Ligand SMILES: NC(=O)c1ccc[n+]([C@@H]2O[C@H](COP(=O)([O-])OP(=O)(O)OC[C@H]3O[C@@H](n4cnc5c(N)ncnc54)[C@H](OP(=O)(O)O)[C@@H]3O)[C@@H](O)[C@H]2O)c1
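Next comes just one chain, in structure tokens: the form predicted on its own.
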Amino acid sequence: MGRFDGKVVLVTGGNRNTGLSLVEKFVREGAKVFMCGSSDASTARGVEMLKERGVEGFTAQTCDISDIAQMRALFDTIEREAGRLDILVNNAANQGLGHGGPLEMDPARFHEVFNVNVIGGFQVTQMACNRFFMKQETRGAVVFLSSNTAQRAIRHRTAYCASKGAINSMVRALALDLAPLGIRVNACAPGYIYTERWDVLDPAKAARRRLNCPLRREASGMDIANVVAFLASSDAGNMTGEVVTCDAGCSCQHMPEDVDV
């Protein structure tokens, strides 16, 4: 028996990095999983990578969550193939990389980040509630992927940090409004997560990054997926409006030990 046997799960941004681990986690625990990427190429690559991990039993569809028409098409597929939705994982994100500092950033790039991370996440949640959760006797659960940068900013990522702060506030507001309806809304806030970008880092830089982590290692995708699965499960049935940090202890310290004086 899997923890999510008979459950239907949607993972946005399930086509790469942590998203792959999220899809794998729910599939291996018995769920029927739908996942999306923002382009045909990235979605197809995600399918390939999941199959390389031996993951089967999921449905992939291209969907840019900032595009309402594409979202409706994705939800049409879920309704046609599953007839219900139990868990929404809002993982899709625009990382806001390479936009420069706040003085030179093109404001259009700021809008792009918010259109995916905040407005897109809201739109998907609203659609999940109206099309599925409110029509089911067992109401659904929503888990957002936030970031510890909502509380501890990083340089040259104004739009990304601001969007994650907005997600934390939105999680609390949604949780408050949806709790009387039986819908739970929580978030997981990671810190450093291992991705392929770590493979091309100078070893000294990677070691210095890990020094920022009291546990001395960045999270794996599955570390984050384990927290998300907990928040989505009945084990967290009395939790809503919470932002659970999973960042190897980064947020509990004032400064890393090599500069702490």
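Quick caveat: nothing in here was measured; it's all calculated off a predicted structure. Quick note: we count residues from 1 along the sequence shown, nothing fancier.
Just so it is clear, the following notes concern the form predicted together with the named molecule, a form of the same protein that is not shown.
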> Are Val142, Phe230 and Thr240 jointly within 4.5 Å of the named molecule in the predicted bound form, each by at least one heavy atom?
Replying inline: no
>> Under a 4.5 angstroms heavy atom criterion, identify the one residue in Arg197, Arg216, Lys205, Lys51 near the named molecule in the predicted bound form.
In response: Arg197
> Which one, 232 to 240, 26 to 34, 52 to 60, 39 to 47, holds residues whose non-hydrogen atoms are within 4.5 Å of the named molecule in the predicted bound form?
Replying inline: 39 to 47
> According to a 4.5 angstroms non-hydrogen atom cut-off, is Asn186 in contact with the named molecule in the predicted bound form?
Replying inline: no
>> in the predicted bound form, is there a heavy atom of the named molecule that lies within 4.5 Å of any heavy atom of Tyr160, even though the partner is absent here?
In response: yes
>> in the predicted bound form, does Ala225 come within 4.5 Å of the named molecule, counting heavy atoms only?
In response: no
>> Under a 4.5 Å heavy atom criterion, is Val116 part of the interface with the named molecule in the predicted bound form?
In response: yes
>> Heavy atom within 4.5 Å of the named molecule in the predicted bound form: which residues of 186 to 216 meet that condition, in order?
In response: Pro190, Gly191, Tyr192, Ile193, Thr195, Arg197
